[in-house]
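One chain follows as structure tokens, the form predicted on its own.
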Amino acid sequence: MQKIESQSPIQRVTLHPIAMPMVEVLITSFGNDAERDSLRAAVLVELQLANGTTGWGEVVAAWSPGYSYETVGTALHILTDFFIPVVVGKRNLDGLRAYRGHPMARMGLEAAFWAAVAEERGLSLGDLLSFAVGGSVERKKQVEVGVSIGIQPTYDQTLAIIDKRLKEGYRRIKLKIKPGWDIEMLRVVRSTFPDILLMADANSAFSLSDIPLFKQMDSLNLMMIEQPLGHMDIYQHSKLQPQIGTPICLDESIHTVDDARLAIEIGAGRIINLKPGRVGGLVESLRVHNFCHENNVPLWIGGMLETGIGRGANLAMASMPGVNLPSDLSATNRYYDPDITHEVFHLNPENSTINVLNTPGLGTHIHPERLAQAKAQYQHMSRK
């Protein structure tokens, strides 16, 4: 893999903690804090090179350590006190090798740096990703996407939302499940929509004692069951997968390319969900991508409710050839109205795709007034 360096050293890095109201709260098996979860928290990273070129990245950590141990608070601490000081004045991010962990904070800084380098070279971020892996890969011009639907109060409400998303043009539907909201709900959905691309996301809410439940799901023709068991587990998934026909997709337990390799080799799953924030940046994301592509492992890009900054980086990664399943990169209006960027992502309803950005740099640009509002909202909420 090609090493990415800037022509001009990093001059400064500015952090922007934000909170933005969501169009619709995504309820998962983790549970929800109604007030805070209606506002999506994040840290936007603004990185400026000495020649004036600027790149933006997004830290996808949340208010609380639910999906990950990282939070907005830990990201601000790690970036301010450790990550930023070792990269300012440098033309690369080698200094980050001195520290372990904190992948979401790492991704925010790395994405901002890559966006700046891409801008500096007059390349799109996607083209820079292609250059990093040898420059010979053919990227997609449109990325196939699906939509994720949270846990609803009733079956009827679930069916209504699915119907709405299908009419908007989404072809793949992902449903969040948890104990008590699982097989019967899925049966109702499948009987109502017998031909749709359907998958279930458990967010690590089940255990091996639920094998009979997962065996029942085999009759529902699901694309996959995402992360049914422990959030750090690979071994127990290798005991579940041979007993069911439905492919298991691993999400939370894949942090490096070595995790992906281990999972596939021991039969813990058949599909990988790649979230750049979870694996610690674009470099490790490319390693995971390359492993899956070279070994014919189905791969898709997962979402973390990103703004247009993080969504732009994810879209660039999803344009790589090894990503061959619909990704969780829905249209902007699915999450924010308005978003924090001038540019918005629209669904192409005829084929359930989003167009890839091919302008220099990240391809999306901050709306200053909305950024100021989002920062003020974060300050207000952080005092509660």
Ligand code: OSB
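In this text, residue numbers run from 1 along the sequence as written. Since the structure is predicted, the reported quantities are computational estimates derived from the model, not experimental observations.
Separately, the form predicted in complex with the named molecule exists; it is not shown, and the next lines address it.
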ask   = Just one of Ile264, Met304, Ile162, Ile248 has a heavy atom within 4.5 Å of the named molecule in the model of the complex. Which one?
value = Met304
task = Sort through Asn203, Ser253, Ser124, Ser130 and report the residue having a heavy atom within 4.5 Å of the named molecule in the model of the complex.
result = Asn203
query = Can you say which of 172 to 180, 228 to 236, 214 to 222, 115 to 123 gets within 4.5 Å of the named molecule in the model of the complex, counting heavy atoms only?
reply = 172 to 180
message = I'd like to check something about Arg106: if you look in the model of the complex, is any of its heavy atoms closer than or equal to 4.5 Å to a heavy atom of the named molecule?
response = no
Heavy atom of Asp328 within 4.5 Å of the named molecule in the model of the complex = yes
request  = May I ask you to state whether Gln241 is within 4.5 Å of the named molecule in the model of the complex, using heavy atom distances?
outcome  = no
key: Non-hydrogen atom contact Thr158 with the named molecule in the model of the complex at 4.5 angstroms   = no
key: Heavy atom within 4.5 Å of the named molecule in the model of the complex - qualifying residues of 129 to 168   = Ser148
